[in-house]
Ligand SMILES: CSCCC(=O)C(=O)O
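Before any questions on how it binds or moves, here is one chain, the form predicted on its own, in structure tokens.
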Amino acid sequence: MDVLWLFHIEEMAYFMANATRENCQDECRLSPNRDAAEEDLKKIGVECTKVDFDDANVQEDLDRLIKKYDMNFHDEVHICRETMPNFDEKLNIFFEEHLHDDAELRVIKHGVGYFDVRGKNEQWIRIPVRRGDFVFLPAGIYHRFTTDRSEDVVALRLFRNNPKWTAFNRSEDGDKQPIREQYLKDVSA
């Protein structure tokens, strides 16, 4: 399986309206809606594709993604009020605008969520994700995540090295991180 850019119409990324902690689990579309084109995501280094969990060869497809992105570790997280201690606190942390010094790779196995990424002009682009969606966010990109109102997402997380997950919040020290400078150079080239 080659990684392709695929979005079903109902799952297409779009430029979003302002989202607060109170409404972030809603679609938060602009009115009128403004879809984000594949080119908008490519310009900021974001890649998306599909994984068919109903295909008998799904593990081969996952292995190809793991190899393509040179990932060596993975785990699974269940973001759900019933299974995640301190659920509200965790969801607030996920929704705080932040970056990492490693790429973020996710495959959604169950549920619906939203990855928000900063576009070229600082506008938020919302990427709705559901079962089978794969998202690659480059190191240094500002982003955030939330579930939809069902509050039940299972995601496979892929890591290059042993899972370490340090977030640098934009409001604190994100802009000072060397990976942010590198990311900005990469996307402006």
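When you see a residue number, it is the position in the sequence shown, counting from 1. Since the structure is predicted, the reported quantities are computational estimates derived from the model, not experimental observations.
Not pictured, yet referred to below: the form predicted together with this ligand.
- F145 is the sole member of Y142, F145, W124, F134 with a non-hydrogen atom lying within 4.5 angstroms of this ligand in the predicted bound form.
- Against this ligand in the predicted bound form, the set F15, A37 and E47 makes no contact: no member has a heavy atom within 4.5 Å.
- For C80, no non-hydrogen atom is located within 4.5 Å of this ligand in the predicted bound form, even though that partner is not displayed.
- Not displayed here, this ligand is approached by F94 to within 4.5 Å at the level of heavy atoms in the predicted bound form.
- Within 4.5 Å of some heavy atom of this ligand in the predicted bound form lies at least one heavy atom of A155.
- Residues V77, I79, F94, H98, H100, E104, R106 are the members of 71-106 with a non-hydrogen atom no more than 4.5 angstroms from this ligand in the predicted bound form.
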